[in-house]
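Shown here is one chain on its own, the form predicted alone, set out as structure tokens.
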Amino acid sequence: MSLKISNTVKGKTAVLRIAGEVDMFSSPQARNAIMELVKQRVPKVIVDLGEVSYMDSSGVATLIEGLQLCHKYNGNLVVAGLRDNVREVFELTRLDKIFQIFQDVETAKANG
């Protein structure tokens, strides 16, 4: 399944929706989308993973890089809508302690 990525920027918030499998072949697409928002210095980037059915370590690395780059300009990158199997990846790698994880995009928008 190919990766589908779309983003919407409204004011100080961007919502980056990713759908499909994020693996070593497709994670460069996700990285490019995140880098585009970082270049624009969007204060808050919400990565909606609600339609992501699988994520491997390359996808996780992409999100970590995005988080670090956002922090460099005092921006923030949060994730929303994790399916159970993707949430497990975050918990196993202890990234649930590093990322702010929200139930859905609306909750993420309402917080901060």
Partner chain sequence: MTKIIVLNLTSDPPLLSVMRAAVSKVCEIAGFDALDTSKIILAIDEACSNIIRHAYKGKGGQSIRITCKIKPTKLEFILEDEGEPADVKKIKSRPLDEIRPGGLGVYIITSVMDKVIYADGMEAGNRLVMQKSIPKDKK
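Numbering follows the first chain given and starts at 1. This is a predicted model, so every value here is computed, not measured.
We do not show the form predicted in complex with the partner chain, though everything after this point is about it.
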message: Would you classify Asp104 as touching the partner chain in the predicted bound form, given a 4.5 Å non-hydrogen atom cut-off?
response: no
message: Given that the partner chain is not shown alongside this chain, does Ala19 nevertheless sit within 4.5 Å of it in the predicted bound form, heavy atom to heavy atom?
response: no
- request: Report yes if any heavy atom of Arg94 sits within 4.5 Å of a heavy atom of the partner chain in the predicted bound form; otherwise report no.
  value: yes
query: Is there a heavy atom of Asn85 lying 4.5 Å or less from a heavy atom of the partner chain in the predicted bound form?
result: yes
Interface residue in the predicted bound form among Leu37, Ala30, Met55, Ala80, criterion: non-hydrogen atom within 4.5 angstroms of the partner chain: Met55
- request: Sequence order please: the residues of 16-44 with a heavy atom within 4.5 Å of the partner chain in the predicted bound form.
  value: Glu21, Asp23, Met24, Phe25
